[in-house]
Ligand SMILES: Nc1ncnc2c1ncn2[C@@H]1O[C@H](COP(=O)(O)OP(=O)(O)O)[C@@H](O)[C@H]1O
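A single chain comes next, written as structure tokens; it is the form predicted on its own.
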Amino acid sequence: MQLNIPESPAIEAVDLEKKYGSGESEQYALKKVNFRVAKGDFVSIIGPSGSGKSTLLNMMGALDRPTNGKIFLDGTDISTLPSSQLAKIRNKKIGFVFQSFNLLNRISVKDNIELPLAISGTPEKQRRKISTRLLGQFGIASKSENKPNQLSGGEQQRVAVARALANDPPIILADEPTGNLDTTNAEIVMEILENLHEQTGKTIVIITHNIELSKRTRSVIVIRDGQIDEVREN
């Protein structure tokens, strides 16, 4: 007899809490947060400024530790893992895209894309092959030797998405990926993320203030005052 074992969600939060300060200055950024993101889902997390969205993304991305509760990635509780193990998880399982791009202006676009590969020990020849493919895929092959600060905001964000994909991680976390872009470039980046989801089935989570953008994801998590207010399907 074959047992049907439920698949672990890509991301799961269980009574997740993050607080800062103590005593009278104690403040919760997250309080008793519970949710699941299924593998292959395309999710937006929305809420007003200060609601806890970025804190939540930092927890999901193994960039910060909860005060209480647990956060699971693919069934593994990462809440108490040592820093060295968290670094490996970030490198292999998660691709990050930030509002401010977080590119290194002292090295070329090509080298920025190859950075996660270099950290993971990928041989140079293979790194070059992957970066060349991604540069072509995102229409920035002619910019490969440029420094990021020589590119437009839209081009820099495309480089950031390419870098996030370099190690082919199963999860992409994007913090306000269109926040610093004009309408045209915001649309280009959003289409890239939509196509990426449709073609690869990666789990994508977007933090955003943009209500219209959130309507284009498969599901929405609304957070207010550090707590989940609503979870809905689009």
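Position 1 is the first residue in the sequence shown; the rest follow in order. What you see is a predicted model, and the numbers here were worked out from it, not measured in a lab.
One more form of this protein, predicted together with the named molecule, exists but is not displayed; see below.
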query: Answer range among 51-59, 180-188, 193-201, 161-169 for contact with the named molecule, defined in the model of the complex as heavy atoms within 4.5 Å; finding: 51-59
query: Heavy atom of residue 43 within 4.5 Å of the named molecule in the model of the complex; finding: no
query: Heavy atom of residue 29 within 4.5 Å of the named molecule in the model of the complex; finding: yes
